[in-house]
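Shown next as structure tokens: one chain only, the form predicted alone.
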């Protein structure tokens, strides 16, 4: 809901105002509310030594002195550092604080952040609110508590309202897509296997107006996809290759986005030794979830780019039919792979998925995968790694990531890494040792893109958060939906 009402006159359960750090005076809606309260807000914030750090909040009960029952002041950090991500964080923090206070109706006054237009500012704040309120409670008999039911956005005037409306539309679109990815990642593995993931992709495609095809075992055998079939062979549930297509009229460019969809990863014959890690291995399909979620949003986004979405979906389990260390398998493009570690399965299934995507002649290929522990060691939970054979492509992805607040950092792909992935008995081996593991995994994938412009995003650090480290006001524990908003920004051409 959008209105042009003055913030100090809004009747609601909680009115959200921003405050800058380092003793900056209140401004905008905060100053107006403070004036209506006779200076009470500014004096209480000073007395309580509210530092206005990003994501910090303070609640003031008005006791009838304004129509709003509560004022939620949210920190924006130093004004010289103000950006869209700070607004996104502040909105998410305020929404969570409102939910904790059982506020059903909250109001967000207008905010200006030159040189950003009202639509970009509003989009960031809507994303923060919607993603901050996310809960995965599908398997709970009762909700944990009341949540916000109504969010009202204020525009300064009628001319400002159009930008707020567009920002609201895009913010909800981006948040809904991210929520879909989070839901898929959070699903337990007994409910989401490769077959079910393919069914969900088909249902999603039908609703969104996408073309969907699914390659089963026979179809993959006919295509020569020995890599993905080798990894999927250990499970009673067969692998699937999911193909989604978005084709807008007069599209001049085609981008393929490819996702790793390991719905559960035990490590295979090289069984994972850390039992606590096994509990989170349902999240090894986060790259595939990001691809499906991105694809479903493209028709509503009206992206001008033709997009091919490919997801390699398997379970990696130990059994009498599992791939074994020492096996040699042949990928779709003819390259042979010696399997020297069955727990380095993601790159093996992506070999066929990338080769399939390259065969469809896209202008660019982008893959997302929870590929390596090495990336997690390098970045903790705070950033994804990106590696590429094309610097222009990386630069555009980094710019999109910067605008969405999804941190991404480029790592080099030195040719020496490829030498470590050579096998004495096959074209490649699927594991080259611990050191430089993220880069070795990436350069392995490069061998299957047919020299096309390609970028690999290792989302292992950011796809699933197990602890409070790395979480923020709009990032929950569990699935984060990382990559969806970056891809949508990149593919929207904005």
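What you see is a predicted model, and the numbers here were worked out from it, not measured in a lab. Residue numbers count along the first chain shown, from 1.
The same protein also has a form predicted in complex with a small molecule, omitted here; what follows describes it.
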Problem - Within 4.5 Å of the small molecule in the predicted complex, all of 384, 457 and 486 (non-hydrogen atom) - result: no
Practice task
Using heavy atoms only and a 4.5 Å cut-off, determine which of 364, 183, 245, 343 is in contact with the small molecule in the predicted complex.
Solution key: 343
Completion exercise
Students should find that, of 376, 172, 328, 271, the residue having a non-hydrogen atom no more than 4.5 angstroms from the small molecule in the predicted complex is 376
Exercise for the section: Please check if residue 282 has a heavy atom lying within 4.5 Å of any heavy atom of the small molecule in the predicted complex. Expected result: no
Problem - the small molecule contact in the predicted complex: residue 404, any heavy atom under 4.5 Å - result: no
Problem - is_contact(residue 187, the small molecule) in the predicted complex, heavy atom dist at most 4.5 Å - result: no
Practice task
Considering only heavy atoms, tell me if residue 431 and the small molecule come within 4.5 Å of each other in the predicted complex.
Solution key: yes
Problem - Among 258-266, 149-157, 173-181, 231-239, the region lying within 4.5 Å of the small molecule in the predicted complex by heavy atom distance - result: 258-266
